[in-house]
Ligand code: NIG
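The data below hold one chain only, encoded as structure tokens and taken in the form predicted on its own.
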Amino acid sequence: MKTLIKNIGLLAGIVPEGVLRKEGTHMDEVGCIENAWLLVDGEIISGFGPAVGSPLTGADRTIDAEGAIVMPSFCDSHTHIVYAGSREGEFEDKIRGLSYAQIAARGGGILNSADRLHETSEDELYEQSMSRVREMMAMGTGAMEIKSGYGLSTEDELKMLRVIRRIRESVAAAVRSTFLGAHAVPRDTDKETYVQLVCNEMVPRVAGENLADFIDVFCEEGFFSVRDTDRILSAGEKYGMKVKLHANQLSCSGGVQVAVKHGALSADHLERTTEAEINCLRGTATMPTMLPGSSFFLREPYGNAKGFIDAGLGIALASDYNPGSSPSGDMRFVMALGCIRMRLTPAQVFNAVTLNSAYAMGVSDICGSITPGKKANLIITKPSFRSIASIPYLHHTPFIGQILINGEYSYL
């Protein structure tokens, strides 16, 4: 089926074929055409251009954008949306002044989620998780990475990853899976024993069922050291898992350096970095990925995104949707935080939540921009939205008119 979108006020996010990420001054560039059309053939974008050249015939279906913005759907490269229950009690602990580390030391945080997940059946976990997936898609996300990490035992980690596989098979959005067995050390287990379990039992079992695209570690003081991280990543790489990494959330942990050593696709969090981390990332394939929703919810520092861009690097922004430190998958709010709290321009945040976040989850060859041959994962805004800046500026005014995923209507 061919679908023509006409009367587009602003077609935004145009990227030439072969460009998979943006860095440095290119972060300020958003390819746009005013008064445009776009043609979808089946699931993919087949062409676009100014209205004067609009193909008025030959389409099976026509959508009138009524002067609105048409843009790529959001790509969310860092989520933990497969979890059971909630952690509202810890929300009150945070209000009373307890830190993330203090809550974890009391047996809360990740260990709390692990307890709840262990008690929840795979079918129930799938249903709870699918409600979050639908919520994210309704807010404009067309690609998402989902991590395990609340299992902390072989069988429960496999349960999480099987749920992610079911999600991937259930929705049209692009879904990628990450094995994060090394998210915390379980109760009554010493760390060395657990690291050996992750390397020698979990990784082979995960690989044997082909359940993960990536392997990740929470490389942080009080969790897993650089040495632990190096061992675990090496174990995953032997089975073909690519590397993503939690790095520098609570301290300058050495996480960025070990991520680069392993050719990580992304190094995520980066609330605390120095010139050493910026210099380490220069000239690498690793995408610095920052999670402002977590900084907002935990009242922690925001990453030095401007410094990274000024140094010639690109950045991605993602939601970190999880029950303890960022209970939201609203990527438009992530855009707003990027502008308001991180002092990024609307163009920079636009690129950070589309093409660069697609790159950070390994899908920028198929989505994240308006490019011929890419999937037609599109947001058509309400006609009152006429500029890129209006999206983060009016950050809680409903802005989505229609959504297409793989060229089909979704969550109108």
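One-based numbering along the sequence shown. None of these values were measured; they are calculated from a predicted model.
The following text describes the form predicted together with N-(iminomethyl)-L-glutamic acid, which does not appear among the structures shown.
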Worksheet item: Out of Gln249, Thr229, Thr289, Thr141, which one falls within 4.5 Å of N-(iminomethyl)-L-glutamic acid in the predicted bound form, going by heavy atoms?
Response: Gln249
Worksheet entry | Arg132, Lys159, His183, Arg332 - the one with a heavy atom within 4.5 Å of N-(iminomethyl)-L-glutamic acid in the predicted bound form | His183
Worksheet item: Among 334 to 342, 301 to 309, 117 to 125, 79 to 87, which stretch sits within 4.5 Å of N-(iminomethyl)-L-glutamic acid in the predicted bound form, heavy atoms only?
Response: 79 to 87
Worksheet item: in the predicted bound form, do Arg21, Phe214 and Ser266 all put a heavy atom within 4.5 Å of N-(iminomethyl)-L-glutamic acid?
Response: no
Worksheet item: Does N-(iminomethyl)-L-glutamic acid come within 4.5 Å of any heavy atom of Asn322 in the predicted bound form?
Response: yes
Practice prompt. Tell me, yes or no, whether Ile110 is in contact with N-(iminomethyl)-L-glutamic acid in the predicted bound form, where a contact means a heavy atom of each within 4.5 Å.
Written response: yes
Worksheet item: With a 4.5 Å heavy atom cut-off, would you call Phe179 a contact of N-(iminomethyl)-L-glutamic acid in the predicted bound form?
Response: no
Worksheet item: Are any of the heavy atoms in Phe224 no more than 4.5 Å from a heavy atom of N-(iminomethyl)-L-glutamic acid in the predicted bound form?
Response: no
